[in-house]
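Next up is one chain by itself, shown in structure tokens, the form predicted on its own.
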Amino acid sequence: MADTMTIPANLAAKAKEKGWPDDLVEQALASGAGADQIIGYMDQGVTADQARGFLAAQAGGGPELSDELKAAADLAQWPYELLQQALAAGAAASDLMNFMSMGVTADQAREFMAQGGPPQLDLSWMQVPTEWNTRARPTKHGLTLEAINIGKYGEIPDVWPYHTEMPRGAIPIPGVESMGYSIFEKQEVWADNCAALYEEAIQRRWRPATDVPWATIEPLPDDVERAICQICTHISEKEQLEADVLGRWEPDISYGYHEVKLYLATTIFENARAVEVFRKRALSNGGGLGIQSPGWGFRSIVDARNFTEMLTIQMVLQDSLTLAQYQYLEKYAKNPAEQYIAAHAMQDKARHVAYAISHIKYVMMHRADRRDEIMRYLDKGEGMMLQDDKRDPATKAAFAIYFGGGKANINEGLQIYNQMRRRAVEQYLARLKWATIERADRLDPGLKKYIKD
């Protein structure tokens, strides 16, 4: 049969190129293999000797099988002739042992061999028009996010056109499904300091469980302990809310602004750490958690309809008050543990405020038409926050008792509380002014009273 078999011209040319003699090609055709299949074997590097061995195995001969290989074949229910075919085709006995131990069936092995072994690799991905030989160099602060923003990788577009998880600077491919992102404009999320804030957050991380000197907390008068426990309850509640709100917005931001996404991830972690550490303080000295807040101020954050609105109310307005609270808690701390907690929570919160106010300034520099819009967000946020002041006497009284050192000194404590609120308002106005927003004349009367003098 082989004497009369005609070899197709393309197969004959490929056989000559790969060094397969005509009689071997005729034998392969006689075994039932198609011309394209044989060419595929040749292109994959199957030698003439390997092909002869494979064909011999098909005919009933083939390599000898070790006792170990036979035992594994019996266990996996692989026929011996299948092993001989695989060995003749160039497979290693160790590989066959691995395949059988992994549960590959005989039928799967036959299908794999019928397809000519591993598919040809498509290396076209190596030809994409990337900026090859672009080398990021470490700065004195290390290989930071800013240090790798070079060439096209540092080009942050005003509008990100892709709805997928493609990293900025990568090459898009057609047909990838949308991932549902809804924020594609730089002016809606960007702040020029977000990359630096991310690096700082990573470098200044701390661990409440072991870094706080918990052993320095000694018994406090009952009223002072109740006061700090109520303060811890209040702070834990609002830090948890901020983590939840940011966690909802994070998935909406597209991958063109990964610096923002990375920084917000650290912010969520820092909020969670604040929840942890203030809850631990409430439960570490024989006290416990107090009563919850009315939540009026929280509603204005949860109800925000765009990212800038949320940042304006949460991180510019609300966090300005929280930052002042941490400053005064450090100043009037009753022990080194409380001082450490307040100081480190203050560092974290200062970064949150710095990102938000830098974002507001970026918006003002690029979208001045949004000025009155942001003013209205602040109107709403201030009004709702002051509703909490009216309906939450516990928090104010707790700060006053803690600052004064007891209920007997509550009047002195109230004076310190008013100083804290004054500082919060003054810092809030100063930050807005830096962002080119003059707010003093439009400030809610409930806040304006703290700075009348």
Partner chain sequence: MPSFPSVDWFDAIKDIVNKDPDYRALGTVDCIVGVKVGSKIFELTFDAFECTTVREAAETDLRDMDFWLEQPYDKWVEMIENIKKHGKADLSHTLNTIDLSMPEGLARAHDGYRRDAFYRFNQSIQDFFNAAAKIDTKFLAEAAVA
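Positions refer to the first chain, counted from 1. Since we're looking at a predicted model, the values are computed, not measured.
The protein also exists as the form predicted in complex with its partner chain; that form is not presented, and the subsequent description refers to it.
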(message) Does any part of Gln347 reach within 4.5 Å of its partner chain in the predicted bound form? Heavy atoms only, please.
(response) yes
(message) Can you tell me if Ile150 lies within 4.5 angstroms of its partner chain in the predicted bound form, counting non-hydrogen atoms only?
(response) no
(request) Give a yes or no for Lys14: in the predicted bound form, does one of its heavy atoms lie within 4.5 Å of a heavy atom belonging to its partner chain? (result) no
(message) Please determine whether Ala343 contacts its partner chain in the predicted bound form, using a 4.5 Å cut-off between heavy atoms.
(response) yes
(request) With its partner chain left out of view, choose which of Ser236, Thr266, Asn193, Ser293 has a non-hydrogen atom within 4.5 angstroms of it in the predicted bound form. (result) Asn193
(request) Report the residue, out of Met364, Val224, Ile156, Ala333, that has at least one non-hydrogen atom within 4.5 angstroms of its partner chain in the predicted bound form. (result) Ala333
(request) Spot the stretch among 40-48, 404-412, 419-427, 389-397 with residues whose non-hydrogen atoms come within 4.5 Å of its partner chain in the predicted bound form. (result) 419-427
(request) Any residue of 302-329 with a heavy atom within 4.5 Å of its partner chain in the predicted bound form counts; write them all down in order. (result) Leu323, Gln327, Tyr328
